[in-house]
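We begin with a single chain expressed as structure tokens, specifically the form predicted on its own.
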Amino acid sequence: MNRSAMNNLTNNSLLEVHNLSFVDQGREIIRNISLTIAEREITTVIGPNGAGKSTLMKIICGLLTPSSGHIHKKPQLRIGYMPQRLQLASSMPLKVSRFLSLADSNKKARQAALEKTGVAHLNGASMQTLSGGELQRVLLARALLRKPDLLVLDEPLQGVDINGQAALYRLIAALRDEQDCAVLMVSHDLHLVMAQTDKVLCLNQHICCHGEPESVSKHPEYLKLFGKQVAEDVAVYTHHHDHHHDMHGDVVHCDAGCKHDD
């Protein structure tokens, strides 16, 4: 895989993926994926189970090598990665403080990261006793220890109850502003991220559609994957805007006086 220098990136891009494909034991997991992550942008990848979302995240983080395609990264790009799952043996208790020390030996930095994610009180707790929401916030704190330019979050709501989901998304958006970083995250639920994301990619081995959340929720490929009822649920979150959509569901910005919302 070719990783080129920053002069191959366009404008304010942190990372660009070009025609990425991954084949595992003869099975094509993703094919011809191209995307751009801009500075301070929140991009959400949605799609059904088995769509290749986690595979794409791991390739971007350098944990898997693609079968073809290439990635251009900003030089010295720092990525903070939050995995979808964490397997912990119950027979080997591990305190939160020790878990974070594996990423950063600086005690003050670890405490600051826990404070940013709202779980400073868990520093001395056992990882095995954390609730789903607590675990995700600790994992997020660990990702922040890298002082990332890009946070890659693979299903950050994994194991989080309904009451904590919206709060966690708000936290992620706030961290983007506070840390001045971009965010790339995986989610199953477009309606939960409508207010907290700038761009959505709908993935099903390939990119079916992409754009602003409202645009994607109206796209024929999104409707085919998730159904009309899901799209109607998402519509509750729409708002007045200064654009309309072409026949493909993509955004077309309007001139003054456009009456598309009348």
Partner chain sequence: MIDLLLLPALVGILVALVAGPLGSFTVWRGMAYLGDTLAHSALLGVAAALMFHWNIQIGILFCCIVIALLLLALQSNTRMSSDSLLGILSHSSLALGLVVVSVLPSQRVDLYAYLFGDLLMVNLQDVFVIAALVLLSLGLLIFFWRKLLMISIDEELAQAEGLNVRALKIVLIILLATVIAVAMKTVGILLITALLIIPAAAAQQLTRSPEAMALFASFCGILCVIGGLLASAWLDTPTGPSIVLCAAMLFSGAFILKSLARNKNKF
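Positions refer to the first chain, counted from 1. Rigid core (definition): largest C-alpha set, two forms, superposition within 1.5 Å. Everything numeric in this text was worked out from a predicted model, so none of it was measured.
One more form of this protein, predicted together with its partner chain, exists but is not displayed; see below.
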>> in the model of the complex, is there a heavy atom of its partner chain that lies within 4.5 Å of any heavy atom of C61, even though the partner is absent here?
In response: yes
> Though only this chain appears here, would H121 touch its partner chain in the model of the complex if you measure heavy atom gaps against 4.5 Å?
Replying inline: no
>> Can you work out whether K108 and its partner chain are in contact in the model of the complex, taking contact to mean some heavy atom pair no more than 4.5 Å apart?
In response: no
>> in the model of the complex, does S90 come within 4.5 Å of its partner chain, counting heavy atoms only?
In response: yes
>> Can you pick out, from H188, R170, R98, H191, the residue that has a heavy atom within 4.5 Å of its partner chain in the model of the complex?
In response: R98
> Are all three of N49, G69 and V160 close to its partner chain in the model of the complex, meaning a heavy atom of each within 4.5 Å?
Replying inline: no
> Of the listed stretches (112-120, 162-170, 98-106, 175-183), which one has a non-hydrogen atom within 4.5 Å of its partner chain in the model of the complex?
Replying inline: 98-106
> Quick one: once the rigid core is lined up, does S91 have its C-alpha move by 2 Å or more between the shown form and the other one?
Replying inline: yes
